[in-house]
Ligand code: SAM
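The form predicted on its own is given below as one chain in structure tokens.
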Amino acid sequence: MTQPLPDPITSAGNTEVKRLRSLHERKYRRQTGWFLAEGLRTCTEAVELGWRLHRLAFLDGRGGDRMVRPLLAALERDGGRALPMTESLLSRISGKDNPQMVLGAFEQRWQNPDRTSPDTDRCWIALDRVRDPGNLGTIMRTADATGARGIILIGDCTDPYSVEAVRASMGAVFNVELVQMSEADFLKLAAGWPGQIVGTALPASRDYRKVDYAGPLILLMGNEQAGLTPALMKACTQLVRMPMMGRSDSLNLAVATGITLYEALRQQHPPEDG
């Protein structure tokens, strides 16, 4: 049985409104260990997957909705706070003119780099200095869709828990493991890796469709502008390229990752006949 709801928040100067709004900035996400997720479906899936919910901001008057009640119950279990408020304040927190009815502040999860273990059936995706949150969110979404084990963020990467990355992931941020490590630590991991490390690089001569993606697999993708560093290219067991039939000489990082992931999936799990 959930506790009675507090009075609705109506002031932009409210401490809780300011706290949630601050989660748009990386330094405050680091300080609190929290991040924002938007939407009833996304928040519900996160709670069902066992993510800890610290705050739930929602449109005043919707606390009794059938789909909101389980979120309030999870909030009470986790020791969080319910924050009914006006639509204008929800918009202020989300940064959108047409905000979702529900905004949740969840606790971040980072896997210990030492537990980045080989997996025969599910590949790891390693991203070198990815800078665009939309790209990272889209890659998280594709990683989830292809059943990838998780994402290794190498070096100075954009934050997967930024509002933009979480939005682009369409909830997949809650269903992929996330690991941070330096290039030096990744090279140590790569040196002992028992399977393939396939990297995409413009200098490569091999077509991405003509290499072996047998597990345990790491798919290594480079920075949007600079590509992979020389040391990371050297760590790969195979370097591949995408065929370019027109005037473009490269693909968007998220697109290239998606294409390569689905080729790996096709090889590792061929479709059944019929």
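Note that the structure is a prediction, hence the values are computed from the model and not measured. Just count from 1 along the sequence shown to find any residue number.
Form predicted in complex with the named molecule: not shown, discussed below.
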> Pick from C43, A57, L217, M221: which has a non-hydrogen atom within 4.5 Å of the named molecule in the predicted complex?
Replying inline: M221
> Tell me, which of A226, A231, L49, M67 has a heavy atom within 4.5 angstroms of the named molecule in the predicted complex?
Replying inline: A226
>> Only one of these stretches, 85-93, 100-108, 194-202, 114-122, has heavy atoms within 4.5 Å of the named molecule in the predicted complex; which one is it?
In response: 194-202
> Does the named molecule come within 4.5 Å of any heavy atom of A264 in the predicted complex?
Replying inline: no
> S22: heavy atom within 4.5 Å of the named molecule in the predicted complex?
Replying inline: no
> Would V17 count as a contact of the named molecule in the predicted complex, using a 4.5 angstroms cut-off between non-hydrogen atoms?
Replying inline: no
> Does V240 reach the named molecule in the predicted complex if we count a contact as any heavy atom within 4.5 Å?
Replying inline: yes
> For the stretch 236-258, which residues lie within 4.5 Å of the named molecule in the predicted complex by non-hydrogen atom distance?
Replying inline: V240, R241, M242, M244, S250, L251, L253, A256
